[in-house]
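In structure tokens, one chain follows: the form predicted alone.
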């Protein structure tokens, strides 16, 4: 193995938890049973790394084999916040019928995606693997005209073939057009757009966009929704406030969902509107729109907003500006005088 491959393996070993190491190496399948038994998993991570490096040298493993191990690690820690931000995209304008766009087979997709991407960029390394939840994981190591693919800074793409949704992390603005074109050409769609949804947890933005969470719909005769936390209080006050509290909880759950909610960390509203305040003529008479950015942040934003509405901290019914997060599956909005809508410009992904 060359030095860059050794560094990649060493970095992977630092990320794999010691108690998961044996299971991960077993999934990898590049070590014989005897080699796996020869590893003493009670030793330090440094000693295990040196032992694994020696075995990989003995087996003459190359970078393509190490990237297989990395893909196993990535799919096992998809909700690790240290992995960076995930961005959602949506494929648009299916060719033919709706069924045709959702009937692309994995083998066909793999062949076409690799072929199209290699036509666009000469030095690129692509690994594709199907995950247990039917997601297709794509690992891309980018190079350029004069340099080999950089396996230390790969891009990860997750695509559910039966849906138009694509999730991407670690993609630069320079690489974005290449990936977008390869995805469009290898699926039966004609365009791709930013879904204006991002977060550190892949499962959270996936569940929100694909509606894989408990939704509560308005009903003419709502049944009381049980609070998760029941506290002891004065019975007379409780009886008096029971109906308003139940109505607030119903409205909050209709707006944001019931049960466990997808863990979004933020929502951003970019305002580009006319300033309206009769007491401030200087700002009101300006021709150009008033611009500012409002950001809501929390470890679990939807849960926080639902609690604010159900507890009476925020008024109900919930403003459409906030209820649009789960309703539209977005957490990035541009507010103009025409009302809330998606951004007219693509956001730049993280470099």
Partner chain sequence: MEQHHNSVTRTPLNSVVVQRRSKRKSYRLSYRSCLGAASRLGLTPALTARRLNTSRRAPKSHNITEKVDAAQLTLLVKTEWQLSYVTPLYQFRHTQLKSYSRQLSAFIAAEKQQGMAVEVEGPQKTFRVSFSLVQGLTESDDDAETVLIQIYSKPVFARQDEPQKPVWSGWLTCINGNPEYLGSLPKDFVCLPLFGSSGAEGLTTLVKSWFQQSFDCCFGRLEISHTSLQWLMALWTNCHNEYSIQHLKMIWTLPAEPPLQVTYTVNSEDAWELWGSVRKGNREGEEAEEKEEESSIDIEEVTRFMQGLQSHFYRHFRLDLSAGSLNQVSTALGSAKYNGRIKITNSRYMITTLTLLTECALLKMPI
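Take the two forms, superpose them, and find the largest set of C-alpha atoms that agree within 1.5 Å; that set is the rigid core. Please read these numbers as outputs of a predicted model, since none were measured by experiment. Numbering follows the first chain given and starts at 1.
Although not depicted, the form predicted in complex with the partner chain is the subject of the following passage.
Considering the partner chain in the predicted bound form, which of 32, 282, 42, 38 comes within 4.5 Å of it through any heavy atom? Selected option: 282.
Given that the partner chain is left out here, which of 125, 155, 273, 112 has a heavy atom within 4.5 Å of it in the predicted bound form? Contact check passes for 273.
Within 4.5 Å, heavy atoms only, one stretch in 300 to 308, 23 to 31, 63 to 71, 45 to 53 touches the partner chain in the predicted bound form. Which? Answer to the contact question: 300 to 308.
Hey, in the predicted bound form, does residue 189 get a heavy atom within 4.5 angstroms of the partner chain? Contact with the partner chain, no.
My question is simply whether residue 288 lines the interface with the partner chain in the predicted bound form - judged by any non-hydrogen atom within 4.5 Å. Residue 288 belongs to the contact set for the partner chain.
Contact test in the predicted bound form: residue 269 vs the partner chain, heavy atoms, 4.5 Å: Output for residue 269 is yes: heavy atoms within 4.5 Å of the partner chain.
Residue 59 versus the partner chain, in the predicted bound form: is there a non-hydrogen atom within 4.5 Å? No, no contact at 4.5 Å.
Using a 4.5 Å heavy atom cutoff, which residues in 303 to 331 contact the partner chain in the predicted bound form? It's fine if the answer is none. Heavy-atom contacts to the partner chain in the predicted bound form: 303, 304, 305, 307, 308, 313, 314, 315, 316, 317, 319, 321, 322.
On a rigid core superposition, would residue 315 pass a 2 Å threshold for CA movement between the shown form and the other one? Where the cores coincide, residue 315 shows only a C-alpha shift between the shown form and the other one that is less than 2 Å.
Residue 282 C-alpha relocation of at least 2 Å between the shown form and the other one, rigid core basis: Yes, its C-alpha moves 2 Å or more.
Quick one: once the rigid core is lined up, does residue 291 have its C-alpha move by 2 Å or more between the shown form and the other one? Residue 291: C-alpha displaced by 2 Å or more between the shown form and the other one.
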